[in-house]
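In the block that follows, a single chain appears as structure tokens, in the form predicted on its own.
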Amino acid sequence: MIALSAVSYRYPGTQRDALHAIDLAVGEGELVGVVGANGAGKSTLCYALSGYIPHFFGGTVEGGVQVAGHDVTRTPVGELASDIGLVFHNPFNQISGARFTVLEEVAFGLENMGLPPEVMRTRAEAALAATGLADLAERSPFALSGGEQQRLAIAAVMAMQPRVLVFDEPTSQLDPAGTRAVFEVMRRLARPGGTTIVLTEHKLGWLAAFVDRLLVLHEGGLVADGPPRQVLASALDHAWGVGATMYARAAQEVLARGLLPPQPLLPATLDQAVETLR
């Protein structure tokens, strides 16, 4: 579903690659997380997968970017929108301002696709229900809290039912309950034969609990790709600026006090921590 071959990208007016020689394959229905320090290239990767690079940002792209059957670098963003959806980390950049209610905002993209009204309503209502916004359907988008606006941006993209969803820090303004709800929605969508999802995120514990694979970007390069627990354990041994989950830090403290035998992998989730300490 996603195939990147030796992809490098440089923003206009800069002297170094924001992405460098990235090879990546993501299958249909996979849920893949992307982590890395600020400036590692996470948002740039999102823009490359969704076509905003090079069509909006310009710059120089080398290599091949194939997503949902499209050569992204050669296909206009308007043609990509029905198959590839992008949710920005700042919802204010995504709300159109052209519609008066939350329901109308979610349906706005569907109108542009020319879908029948009954289909638009069904899809929009389903997306609002999935993101916990059904009770706010008649409220103005600008009367929502920041977290609610973020869920609205997610619902608007979900309603278009793209084959690939790309999220750039989708839970940055959400509390733990909202974060869990969004991750549970993503997990339901990403399944064999379902939606392929790539997301950047700083909340390592949630990634470790929900994603199939975890990628680490460092200075524009892909330096790790594998099961979340394995990748996070590897990240602790490198200066990638990824950090560790609270459960890994707790296990490190227990190990340092000699209360736990050496472990091949530190726990990354609560369930893994409980199993390790038994």
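Position 1 is the first residue in the sequence shown; the rest follow in order. Values in this document were obtained by computation on a predicted structure and should not be read as measured data.
Heads up, the form predicted together with a small molecule isn't pictured, but that's what we're talking about next.
Though the partner is left out of this view, M246 does not reach within 4.5 Å of the small molecule in the predicted bound form, counting heavy atoms only. In the predicted bound form, the small molecule sits beyond 4.5 Å of every heavy atom of L266. Heavy atoms of A37 reach within 4.5 Å of the small molecule in the predicted bound form, making it an interface residue. The small molecule is not drawn, but in the predicted bound form it has a heavy atom within 4.5 Å of R16. Partner contacts here mean any heavy atom within 4.5 Å of the small molecule in the predicted bound form, and among 63 to 71, 234 to 242, 39 to 47, 249 to 257 they occur only in 39 to 47.
Checked against the small molecule in the predicted bound form, the residues R99, R121, R187, H202 give one hit for a heavy atom within 4.5 Å, which is H202.
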